[in-house]
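Single chain ahead, by itself, as structure tokens, in the form predicted alone.
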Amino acid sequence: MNFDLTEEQELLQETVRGFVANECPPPRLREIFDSGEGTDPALWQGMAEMGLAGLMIPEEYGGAGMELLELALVAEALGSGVLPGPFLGHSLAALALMLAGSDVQKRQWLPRLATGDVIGTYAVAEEDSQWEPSEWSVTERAGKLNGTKLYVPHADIADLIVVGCSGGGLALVERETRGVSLENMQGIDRTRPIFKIVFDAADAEALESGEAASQRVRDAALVLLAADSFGVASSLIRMSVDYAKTREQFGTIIGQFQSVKHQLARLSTDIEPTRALVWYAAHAFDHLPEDAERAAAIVNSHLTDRAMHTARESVELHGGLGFTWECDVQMWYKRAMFNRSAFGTPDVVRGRVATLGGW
């Protein structure tokens, strides 16, 4: 791998960063955050018009045909502005269909997912934080789905839900079908509202090769969460530096204190070198299947942990203000919390790294 981005990849990421800065500045972000809805139809429409809803979907189905690396670059840019919206669940649902759907299922859903007219989400977690395909218990038999899924992002606005089933299989369910009921779980990150979904003999279609695909989708999710966390942590450091340049204490700008300088420098040196880890894990997913699972687990466990540490330190650097609802840091803090828990905490994911290493 050439450890640098192409001009096209840099342009893609800069375009998305510009979109986030222009369309969702902090005042608008706070409005969405305070409302608790976690979405803005205009934002999603704008993302869809940029092609982000179908970035990895093959061109024959109306997508851009790009790879996970491009998707991770977008996730980093969205994480830097903690942009609300269904991008994560939608991307994973589309990927699951690409990997495991039949030709009929792909022709039916992928074009509409690519335009963003249909929103997808991905439902895998169960009781006791069971994210692993081998632990799923929801059953699909004769086209009927039974069981419960937890922590499903943006399920309230999703048209299509890809559900993990016992044995690691996957199934498609339309949200409006009979036998599907939702309950808001009041998650702490209001940019990604989460839901409990109960399936009671809901009509469903099994994906052809779901068992093989579910592992790949999990790895993609780990990489995207790591990329989002990198964006979150980078923004928190910038916000803390800006605050340290303006906040006075004892008649002195606090950024002049050695302890503050050292704290900010440590955070920067913790985060910036991990950018290459994200790029490598995404590249491995696309081109190095023998290393993809391990790379995804390593980058996720490291980045989500580091981002959470950065969030805690940023609250401290903002002093008493950092602990309050009025301080914008809390929105980035809560996004870091979501990323750290989704698809397994760092300790759980590190356990997989150890297993893969034969320890």
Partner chain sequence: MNLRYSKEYDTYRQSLQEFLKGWPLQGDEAELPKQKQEQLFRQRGVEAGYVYFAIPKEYGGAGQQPDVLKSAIITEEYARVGAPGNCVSQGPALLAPTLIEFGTEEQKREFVRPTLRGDLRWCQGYSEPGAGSDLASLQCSAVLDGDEWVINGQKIWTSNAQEADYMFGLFRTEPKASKHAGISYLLVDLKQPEIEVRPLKQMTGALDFNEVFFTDARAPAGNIVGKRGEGWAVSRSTLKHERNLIGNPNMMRAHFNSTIALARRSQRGGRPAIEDPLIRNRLAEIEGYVRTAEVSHLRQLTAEAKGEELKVMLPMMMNKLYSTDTMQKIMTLAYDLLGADGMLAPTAEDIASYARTHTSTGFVEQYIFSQGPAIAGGTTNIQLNIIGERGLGLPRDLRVPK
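Residue numbers count along the first chain shown, from 1. Worth saying up front: this structure is predicted, and the values here are computed from it rather than measured.
The same protein also exists as the form predicted in complex with its partner chain; that form is not shown, yet it is the one meant from here on.
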Pick from M98, V118, I157, L264: which has a non-hydrogen atom within 4.5 Å of its partner chain in the model of the complex?
-> L264
E135, D203, E272, E211: which sits within 4.5 Å of its partner chain in the model of the complex by any heavy atom?
-> E272
Heavy atom of each of K245, W279 and D347 within 4.5 Å of its partner chain in the model of the complex = yes
Distance check, H287 to its partner chain in the model of the complex, heavy atom within 4.5 Å = yes
Is there any non-hydrogen atom of G187 lying within 4.5 Å of its partner chain in the model of the complex?
-> no
Given that the partner is absent here, does S166 sit within 4.5 Å of its partner chain in the model of the complex, heavy atoms only?
-> no
Are any of the heavy atoms in Q256 no more than 4.5 Å from a heavy atom of its partner chain in the model of the complex?
-> yes
Which one, 50-58, 22-30, 305-313, 325-333, holds residues whose non-hydrogen atoms are within 4.5 Å of its partner chain in the model of the complex?
-> 305-313
Within 4.5 Å of its partner chain in the model of the complex: residues from 50-73 (heavy atom criterion) | L69
